[in-house]
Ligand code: NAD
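One chain comes next, on its own, written out as structure tokens in the form predicted alone.
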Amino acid sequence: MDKMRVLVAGGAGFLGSHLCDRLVAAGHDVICLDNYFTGTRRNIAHLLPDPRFEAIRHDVTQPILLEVDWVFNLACPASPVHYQYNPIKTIKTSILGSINLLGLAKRVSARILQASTSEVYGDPEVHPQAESYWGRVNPIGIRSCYDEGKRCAETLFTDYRRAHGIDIRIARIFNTYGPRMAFDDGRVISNFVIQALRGEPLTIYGDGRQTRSFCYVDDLVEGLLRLMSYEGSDATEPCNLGNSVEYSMLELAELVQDLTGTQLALEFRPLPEDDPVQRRPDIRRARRNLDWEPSTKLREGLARMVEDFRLRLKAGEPRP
């Protein structure tokens, strides 16, 4: 890639900050846009002295005028705890944020990527989930502010491409984990790690046999960059990015306890409304088009995440 000016909306978040790291390291000028609702300055503090990096506090539900070559739209709370805190704000972020960033991309002829989600598949009846599957989503459930917001964002991106020729990319991101995840993220992998390090019982919803696939953040960022650079005839079609290896919640709990050297009680609670029983991506399109698939084993990535959480706890990062 030639040197470019890149906008990362949601750039102070878990995933966005890692993406900013890669872009700055590659020599690009990066503008991080974030309202710090779930993101934090801690995630980007090491980048602030770099002249190639700029941070702007801004909410994407409001328009902004910038001159850029690429736009990554990662601006939206991604965990159930955060996106259900203010569901109306969540769906506004997906819809109004997409409209504003698409308008920006149209004005300056920038390429723009939407960070969509496996949640567009809902509680799937097809397994694993391929991009051709339309999903099974409850439009009025407690998760719909996020699920339907992301589905609508995909519609907006696709219609802007059809109507205005906008150069779009759509990444359907499956469960991602790694250093810098928030202690209060609320997703299973961060819950288990923080509970284990604090010596608390591990909370398991349902019977623990439901499954997820977990992709390490460095692998996911590599996938995003390859998708953004891809020039094939189907480049504007949605593309799954995630790990195709599946784990049950009980298997994950056992692995976390092994890595943290703990033996803790398991506290079972009812399965939340509309929580998917199975979630695993079909990544044949990413393999074919991007020559991409995750290379980090779960045990290896989890060990790095445990060490990151341990150091942050030791440094006195406040409990949410």
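Remember, predicted model here, so these are calculated numbers, not experimental data. A residue's number is simply how far along the shown sequence it sits, counting from 1.
Just so you know, the form predicted in complex with nicotinamide-adenine-dinucleotide (NAD) exists too; it's not on screen, but the next bit is about it.
For nicotinamide-adenine-dinucleotide (NAD) in the predicted bound form, the listed stretch (283-291, 23-31, 256-264, 58-66) containing residues with heavy atoms inside 4.5 Å is 58-66. Although the partner is absent here, Phe309 lies well away from nicotinamide-adenine-dinucleotide (NAD) in the predicted bound form, with no heavy atom inside 4.5 Å. Contact check for Asn240: no non-hydrogen atom falls within 4.5 Å of nicotinamide-adenine-dinucleotide (NAD) in the predicted bound form.
With a 4.5 Å cutoff on heavy atoms, Ile168 does not count as touching nicotinamide-adenine-dinucleotide (NAD) in the predicted bound form; it lies far away. In the predicted bound form, nicotinamide-adenine-dinucleotide (NAD) lies farther than 4.5 Å from every heavy atom of Leu19. The single contact residue among Gly122, Gly223, Pro77, Gly149, judged by any heavy atom lying within 4.5 Å of nicotinamide-adenine-dinucleotide (NAD) in the predicted bound form, is Pro77. Between nicotinamide-adenine-dinucleotide (NAD) and the residues Asn100, Ser244, Asn175, Ser144, the one pair within 4.5 Å by heavy atoms in the predicted bound form involves Asn175. Along 116-141, a non-hydrogen atom within 4.5 Å of nicotinamide-adenine-dinucleotide (NAD) in the predicted bound form is carried by Ser116, Thr117, in order along the sequence.
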